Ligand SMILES: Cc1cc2nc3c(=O)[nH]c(=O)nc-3n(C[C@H](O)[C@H](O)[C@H](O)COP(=O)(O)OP(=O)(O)OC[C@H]3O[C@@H](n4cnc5c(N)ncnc54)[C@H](O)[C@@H]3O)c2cc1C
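Below, in structure tokens: the form predicted alone, a single chain.
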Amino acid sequence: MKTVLHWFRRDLRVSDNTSLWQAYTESDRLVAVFCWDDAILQSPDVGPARVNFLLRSLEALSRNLESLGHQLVVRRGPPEEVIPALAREVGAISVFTNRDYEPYAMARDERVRAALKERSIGFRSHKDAVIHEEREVLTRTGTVYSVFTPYSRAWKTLPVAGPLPRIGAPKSPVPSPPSLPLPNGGEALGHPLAQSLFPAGERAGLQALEAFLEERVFGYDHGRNVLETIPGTSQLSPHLRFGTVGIRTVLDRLQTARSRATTATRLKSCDTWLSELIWREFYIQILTNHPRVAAGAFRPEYNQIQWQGTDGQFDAWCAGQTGYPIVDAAMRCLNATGWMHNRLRMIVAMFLTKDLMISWQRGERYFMRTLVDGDLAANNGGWQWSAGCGTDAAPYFRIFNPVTQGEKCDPDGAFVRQWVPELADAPSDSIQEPWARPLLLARSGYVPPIVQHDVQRGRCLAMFKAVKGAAAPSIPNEETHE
């Protein structure tokens, strides 16, 4: 009787799950396990929104497995001890899992592999979180890409695998080893929830995907850059982060939606969303091929920047008290919900690094602690892009103007009014720049700007020039993420 163990990590679903499907089809008995890893739970980069999303997703996964006749075994401890011990306990000949590309996860998996080998138990990992791994999209000379546009073109020439079926009922009676109960809330794991709870689990992920692809995807090219009552973005990133939805399923259903695009504009929006999904894979391959980016700039010369901002300015940014309405509204929204629109992520990151001249790494870590979809590769890549020290071909001299950015993405000020109630009565033509009406600003009780953007722009360019060793180029004040 061939028994195998499937170890769930960032693949919390029963459908379109490579390792789970392989474990099920290649065995007589399948045992599914999730291990709480204290090294992750106690990391300073982990926060309540993400832990509680994970917990709710595990509850959904447990119910889904139970409906199919399987049990989710929950254990806690160092995986290199827990996983081999459970494999021996149930008589498993091999452990199956899906690959994780973060440096800690890769080192952890090697420890687990070595511990299993000592017990003559196999370890098999599978590609699942991405369509193409770090060495599958290469230049003509066989090197990895470091610029997105050529990477994206090459990515699109490669075949895309279709989704895998859902596993079925157990083929033979399966052992029922002891299992820890899932706690009722994150406080039992050291992460009491102080934010609203993002819908979690496989069903919620599939519903979010279907809702987006029904119509909103056809306006994504515009919707990704503006704040609307009905979100123009998919809000799938937490589900992709924890694997409650599989990327093959996403692309398969996007292709179906694309076939319904009746105009060039609608077709372009589908392609723009595909491009954003490819950005996700691009940043994963950057992290995997260049793990040093987890600790420093992709362009090493920028590690020498002498950041000039203060702790007080950083605290004001975190709290949404900078005096720039779109920045403050975005940060208050993040703190309350664990979520931030992608356009806003670029605006607040650019403001921290270019206006306050505070290290991108401080913002990166704050996002990781606060975001429900905090993902090392995407978060690191986004922050380095905004700071100008990452892979982008036109880096440090891109500087967003927070006022004009607010006017573009929140033209009537509805988002600002929602999250900065001090400005609820401000007229639309000045809500992004309330200091232009001193009496309004004084009556509102809203904080004045902690810096002047035009002044800080020049200082920022000089700060980068000191490291770059070349004159700052003469270009427009801002460019957008294409």
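Just so it is clear, the structure is predicted and the values come from calculations on it, not from any experiment. So that there is no doubt, residue numbering starts at 1 and follows the sequence shown.
Here the subject shifts to the form predicted in complex with the named molecule, a form of this protein not shown in this document.
For the candidate spot formed by 276, 280 and 383, every residue has a non-hydrogen atom within 4.5 angstroms of the named molecule in the model of the complex.
None of 390, 320, 374, 84 but one reaches within 4.5 angstroms of the named molecule in the model of the complex through a heavy atom, and that residue is 374.
Contact with the named molecule in the model of the complex, judged by any heavy atom within 4.5 Å, is made by just one of 236, 189, 121, 137: 236. Though the partner is left out of this view, residue 339 does reach within 4.5 Å of the named molecule in the model of the complex, counting heavy atoms only. The named molecule is not shown here, but in the model of the complex it comes within 4.5 Å of a heavy atom of residue 240.
For residue 248, no non-hydrogen atom is located within 4.5 Å of the named molecule in the model of the complex, even though that partner is not displayed. By the criterion of a heavy atom within 4.5 Å, residue 345 is counted among the residues contacting the named molecule in the model of the complex. In summary, the region of this chain contacting the named molecule in the model of the complex, judged by heavy atoms within 4.5 Å and restricted to 305-313, 227-235, 330-338, 139-147, corresponds to 227-235.
Contacts between 203-229 and the named molecule, taken as any heavy atom within 4.5 Å in the model of the complex, involve only 220.
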